[in-house]
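A single chain, nothing else alongside it, follows as structure tokens in the form predicted on its own.
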Amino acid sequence: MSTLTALARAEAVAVGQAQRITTVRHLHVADRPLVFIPLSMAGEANAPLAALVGTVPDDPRLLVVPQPRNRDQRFGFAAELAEVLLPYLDSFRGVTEAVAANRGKEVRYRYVDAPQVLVPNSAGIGFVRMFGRSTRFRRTDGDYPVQPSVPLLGQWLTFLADRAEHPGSGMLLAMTEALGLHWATGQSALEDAHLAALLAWIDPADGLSGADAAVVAEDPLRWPPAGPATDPTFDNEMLAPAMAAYQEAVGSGDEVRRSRARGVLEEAVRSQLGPTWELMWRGVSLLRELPVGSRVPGRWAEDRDVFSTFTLYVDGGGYPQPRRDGAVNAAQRLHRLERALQSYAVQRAYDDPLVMADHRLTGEAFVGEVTLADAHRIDDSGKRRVLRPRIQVTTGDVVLVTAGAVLHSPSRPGQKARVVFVTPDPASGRTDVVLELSGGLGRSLSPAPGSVPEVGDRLCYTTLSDSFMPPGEFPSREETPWTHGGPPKAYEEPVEPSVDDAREEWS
């Protein structure tokens, strides 16, 4: 937790309402997201009990597994879920756009939009991952066949779960994490995982304070858990009797009785899912009210790229994702995630002054006013004369950068600023920083209009950089040791040493 977030939490306690910790929205919210609220059976690993799913607030579809331990019913649930999810994914495959690639030498095509799935919390993402793993390897023939849509569903669920690990991706989002990225409440991070309590702090109802509204929201009778785990009281008092009654009705062979018992079971699970369904769309509305960050569309374009690529892979008969990555693939994946995390952190800071303020506190950035500017300075110390303007920025922030450091300004992303001098003034508590500019100045020895900051401009400079980072180099599988998935070392028959060899060794 950053210093400013801790301060915002303290202020939330003082005023009784969650505090904004961003000035813009840092994630994409689709025009037509798919809300998916799963429930699993207690004590059974990833055994689906029910789900509420849909793209329209007033028209959710309820999926129920009357007996989660029954294998056929579990995969029947998967087939029903595929009837909703797969057409939703296909609806984004109509229109494409041309995108320049390889520095304009090539043209590739991607879809103009991509799907977005919303779940209540991080446990919902875990359910998506595990359910994808349990379905993507199923056979459609032979013993215990499943419908052809089931393994395809598993591939897509695994794809979405993998994208959820990618920093900045918006294809599979947990609502609690999306809201917690933009608001700080007066409760702990663990309590923020309770969707109803989190929303009570952000948007308290009935004139209550955030703390009082959160207490009301934690009542499981009024606001049941958002899943996938269910409330133990519900399990014992409502779910178990309803499931037992359904089993008895099935055993009796009476179709009317069976239909009535199933209706009772569906109403029982709907009572648990319905309130969360309302909370999910309430959260969507709150996020849509926030102004979007300038770099969010770029990250969504990356999601569209990945979606388009995976669609071609699936259409081409691509195999399901492996259960485990090999050593090289795992290292490459980790490297990609690390680079994405670094880029995401920089982009958030560039988009949001409140996020950048955290870096100002740590000395990684400073904000000041331009007090001197030499826009036409020429550096002739090299083989040719080059334009190297200098400016002096006076700031009251703590400056920890040293001479020679390269800085960047969010408002001037194509320009670099090398620190020449840092002169603190203990009497006034301010610091003068002289910077030499390069890049984004034009191609002549005269700067392009507006390319050099003018006296009086207020700018932010930081060590954070979102410049291109080349991918790391990794060995092929054949070049890795056998302990990390490479080819095993060829076996060599041991040679029995002779008596002469032994005498020579000891001599």
Partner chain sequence: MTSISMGTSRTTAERLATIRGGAKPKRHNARTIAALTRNPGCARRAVLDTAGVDKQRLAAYIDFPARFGQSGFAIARGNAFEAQVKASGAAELVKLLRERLGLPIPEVAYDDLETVTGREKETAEVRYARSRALLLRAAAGEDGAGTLFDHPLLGLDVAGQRVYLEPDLIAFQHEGRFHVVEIKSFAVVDGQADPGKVSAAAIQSAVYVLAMRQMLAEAGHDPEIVAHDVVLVCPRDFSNQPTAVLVDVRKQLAVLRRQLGRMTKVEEMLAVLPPNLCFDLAPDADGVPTRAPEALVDALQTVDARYAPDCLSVCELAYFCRAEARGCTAALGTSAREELGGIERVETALGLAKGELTPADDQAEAATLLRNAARLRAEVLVAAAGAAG
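Quick caveat: nothing in here was measured; it's all calculated off a predicted structure. Positions refer to the first chain, counted from 1.
Keep in mind that the form predicted together with the partner chain is not shown, yet the notes after this line are about it.
- With the partner chain left out of view, the stretch that reaches within 4.5 Å of it through heavy atoms in the predicted complex is, among 374-382, 155-163, 211-219, 108-116, 211-219.
- Interface residue among 134, 176, 276, 343 relative to the partner chain in the predicted complex, by the heavy atom within 4.5 Å criterion: 134.
- Note on contacts: among 389, 168, 410, 186, the single residue with a heavy atom within 4.5 Å of the partner chain in the predicted complex is 186.
- Each of 6, 69 and 458 is positioned with at least one heavy atom within 4.5 Å of the partner chain in the predicted complex.
- The partner chain in the predicted complex is approached by residue 360, whose closest heavy atom lies within 4.5 angstroms of it.
- Shown alone here, residue 463 lies farther than 4.5 Å from the partner chain in the predicted complex, counting heavy atoms only.
- Not displayed here, the partner chain is approached by residue 232 to within 4.5 Å at the level of heavy atoms in the predicted complex.
- Contact annotation: residue 41 falls within 4.5 Å of the partner chain in the predicted complex, judged by heavy atom distances.
- Counting a residue when any of its non-hydrogen atoms is within 4.5 Å of the partner chain in the predicted complex, the hits in 6-32 run 6, 7, 8, 9, 10, 11, 13, 14, 19, 20, 21, 23.
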